[in-house]
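Structure 1 and structure 2, given next as C-alpha cells, are two forms of the same protein chain, each shown alone.
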Structure 1
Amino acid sequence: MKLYIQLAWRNLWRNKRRTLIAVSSVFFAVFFSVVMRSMQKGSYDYMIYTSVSTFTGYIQVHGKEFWDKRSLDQSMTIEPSIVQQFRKIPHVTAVVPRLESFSLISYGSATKVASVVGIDPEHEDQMTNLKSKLTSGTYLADTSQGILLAEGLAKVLKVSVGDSIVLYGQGFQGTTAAALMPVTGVVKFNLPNLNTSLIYISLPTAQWLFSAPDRITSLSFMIDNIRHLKSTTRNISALTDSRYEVMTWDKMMPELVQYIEADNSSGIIMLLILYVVIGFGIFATVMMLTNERIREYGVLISVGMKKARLIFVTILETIFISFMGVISGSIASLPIIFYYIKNPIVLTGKTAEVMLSFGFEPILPFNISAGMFLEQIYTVLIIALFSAIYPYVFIRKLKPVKALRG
C-alpha cells in the first residue's frame, strides 16, 4: 500500500501546473460553499432563536387542543414539583408559565381587542428579555396589579404610564372577566403584530381576572442549543401524560419552517453549480493524466504490472487532488467564518427595514459545525470516485502493444 501511495503522489507532481490548477478549482469551490453554508445556517439559527425567544420557546407544553382552540377552557394545572423537575432537565435554560386570553380594552372612546398574557415576570425576562424592551414606567413584579402595554397599542389608545384602562372579556368556563387596571409600563417590540396587540400582567393577577386559580395555558421552554431539541423533548414528554401536549417550535411555526426550507433549496442549487465546476475540473484533470500516459501504462502492463493495481494508483491520484482542495479550502474558510461569527455583517437600507419589520435585527450572522465540512468531504469524494470511472474503463480496455505504438 505504501508503494502505491508513493507512486500516486509522485505522479501528481510530474506536472505541477496541471495539478495545482485542478486543486485550485476544488479549493475555491469548497471555500465559497463552506462560507455560504455558514452564512445560511447562521441566519437560520438566528431566525429560529429570535422567533422562539420572542414568545413560543423551543418547546411548549399545553393542554390538549389548546393550540387549535386557544381557549381558557383548554387551560391546565401542573404541580409545582413537576415544574421544578422540568427545570432540572439537562439543557433547559428557562421554563416560562403563561395564562393567555383575549380581551376588549378601552380608554375613553378608543376600544381594541388585545392579547392578555399573564406571566411570571422573572422567568419571562429570562426567555424574552422583556424588561429590556421597557421604554417607560416600571417592570412587573409577582404582586403587580398593573399592566405592561405594547407601545403600538398605547399609541392607538392614546394612553401613557399612570392611566387606567378597562379590560373586558370572558374568563374560565364562561365567567366574565372585567377590571380597571393602571398602566405601569410600556414595552416596544420590533414585530408590528406584537407591538399593537400585547398586554402583560402578572400571573396571579391574570388568574384572578379570568377566574382560573392555579391554571396556566402553556409552559414554554428555552434550551441552550437547538441541537438538543429532540433529546430535551423526549425528557419533557416523559414527565407528562395524556392530558398535555408537547410541541416543538417547528410545529408551532410552520411558516418559518417553510421559509427556511425554500431558502435552503436555493442554497443547495448554488452548491450544485459549484460542485459541477468541481466535477468538470477533476474529470478534465483525470482525463489528461490518463491520456498523456498511454505509453507509460503500456510499458508497466508489459513488464507484468496488473491492471487492477494500475487502476488503483490512478484512483489514489484522483482522491489526492480532491482532498488537497477540500482540506485547503476548508482551512482557508475558517478565519473568515470565525471573524463573522464575532462580527456579523450589518445590513442597511431597505433590506434592514424589511428585516426590522419582521422583528429581526438587520444582521447576517455566521455559524460553524462539523457537518458543514463533512458535507464537502463526502461530496468531493463521491465526485472523485465518479471521475475515476474514466481511467478504470480506459486501462481495462488498454492493449499494451497498441499503447507502446502510441
Structure 2
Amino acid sequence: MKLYIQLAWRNLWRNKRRTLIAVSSVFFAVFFSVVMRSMQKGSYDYMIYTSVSTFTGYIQVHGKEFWDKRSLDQSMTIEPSIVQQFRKIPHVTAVVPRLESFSLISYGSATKVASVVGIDPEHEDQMTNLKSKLTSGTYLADTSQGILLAEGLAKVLKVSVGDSIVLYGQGFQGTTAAALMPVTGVVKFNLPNLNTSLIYISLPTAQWLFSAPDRITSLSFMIDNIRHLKSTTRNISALTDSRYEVMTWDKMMPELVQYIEADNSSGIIMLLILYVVIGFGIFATVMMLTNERIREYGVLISVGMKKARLIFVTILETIFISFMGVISGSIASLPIIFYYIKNPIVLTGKTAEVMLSFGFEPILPFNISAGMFLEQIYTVLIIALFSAIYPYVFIRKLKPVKALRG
C-alpha cells in the first residue's frame, strides 16, 4: 500500500509546474467558494435572526387555525406549568406570550386601524429589544394601563406622550372592546409596516380590553442558534396537544424563505460554473499525466500489474491533486472568515438603504460551519472521480503490446 501511495505521490511531481497549476486552481476555487458561502450563510442567518427577533420568534405556538383566521376566537389558554416547561427546553432563550388583535384607534378627528399587541413587557424585551426602540416616554410594566405607540402612528394621529387615545374594536366571542387609554411611550421601528401599525399594551390590560381573561394568541420562542431549530421544535411539539399548532419561522415568513432560496441558488449556480471550469482543468491535467505514460503502463501491465491496481494508482493521483487544493484552500479561508465573523463588512450606499428599509442593519456578518467545508470536499471529490474516468477508460482499453510499441 505504501509503495502505491508513494508511486502516485511521486508521479504528481514529475511535472511540478503542471501539478501546482492544477492544485492552485482547486485552491482558489475552494477558497473563493468557502468565503462566499460563509458570507451568504452568515447573511441569511443574520436576516433570519433579525426578522424573527423583530416579531415572530423562531418558533410560535398558537391555537389551531389562528394563523389563518387571525381572530381572537382562535386564541388559547396555556397552563403556566407548561410554559414553565417550555422555558426549560435546552437552547430556548425566551418564551414570549402575546394577545393580538386589531382595533380602531382615534385621536381627535383622526382614526386608524392598528394592530394591538398585549405583551409581557419583560419577556417581550428579551426577544425584540422593544425597550431600546423607545424614543420618548417610558416602557411598559407588567400591569401598566398605558399604551406604547409606534412612531409612525403617533405622527399620523398627531399624538404624543401624555395624550389619551380611544381604542374601539371587537373582543373575544363578539364582545365589544372599547377604552380610552393614555400614551405612555413611543417606539420606533425600522420596518415601515410595523412603524405605522403597532401599539403595545400590557398583557393583563389586553385580556381585560378584549374580554379574554387568561387567553393569549401566541407564544413565541427564541433559541440560541438556528442549528437547534429542528430539535427544539420537536421538544415543543412533544409538550403540546392537538388544540395547538407549532410553527417555525419559515412557515410564518415565506417571503423571506423565498428571498433566501433565490439568492442562495444564484450563489450555487455561480459556484457550479466555477467548478465546471476547474473540473475540466483537472481533467486535462490528469489526461496529460496519463497519456504521457502509455509506455510505462505497457511495461507495468506486461510484467504483471493488474489493470485495476494501475487504475487505483491513477485515482490516488487525482485525489491527491484535488485534496491538496481543498485542504490548502480551506485553511487559507479560515483567517478571512474568522476576521469577518468578528468584524462584519459594513455596507454603504443603495444596498445599505434597501437593507435598512427591510429592518436589517446594513452589515454582512460571516458564518462558519463544518457543512460549508464538507460541501467543498464532496464537490471536489466528485471532480476527482470524474477526472479519474479518463485514466480508467484509457487503462481498461490499453493493450500492452501496442503501448510498448508506442
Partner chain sequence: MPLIELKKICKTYSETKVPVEALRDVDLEIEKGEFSAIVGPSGSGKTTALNIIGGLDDPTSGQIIVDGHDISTLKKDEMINFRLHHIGFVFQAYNLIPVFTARENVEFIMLLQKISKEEREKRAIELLTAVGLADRIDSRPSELSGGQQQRVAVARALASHPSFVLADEPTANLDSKSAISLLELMEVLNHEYGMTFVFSTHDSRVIKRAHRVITLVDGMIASDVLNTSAHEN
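Please read all numbers here as calculations on a predicted model, not as lab measurements. Basically, rigid core = biggest C-alpha set you can superpose within 1.5 Å across the two forms. Please note that residue numbering is based on structure 1, beginning with 1 at the start of its sequence.
Taken from the form predicted alone, structure 1 is distinct in origin from structure 2. Superposed on the core, the two forms differ at Lys307: its CA moves 2 Å or more between structure 1 and structure 2.
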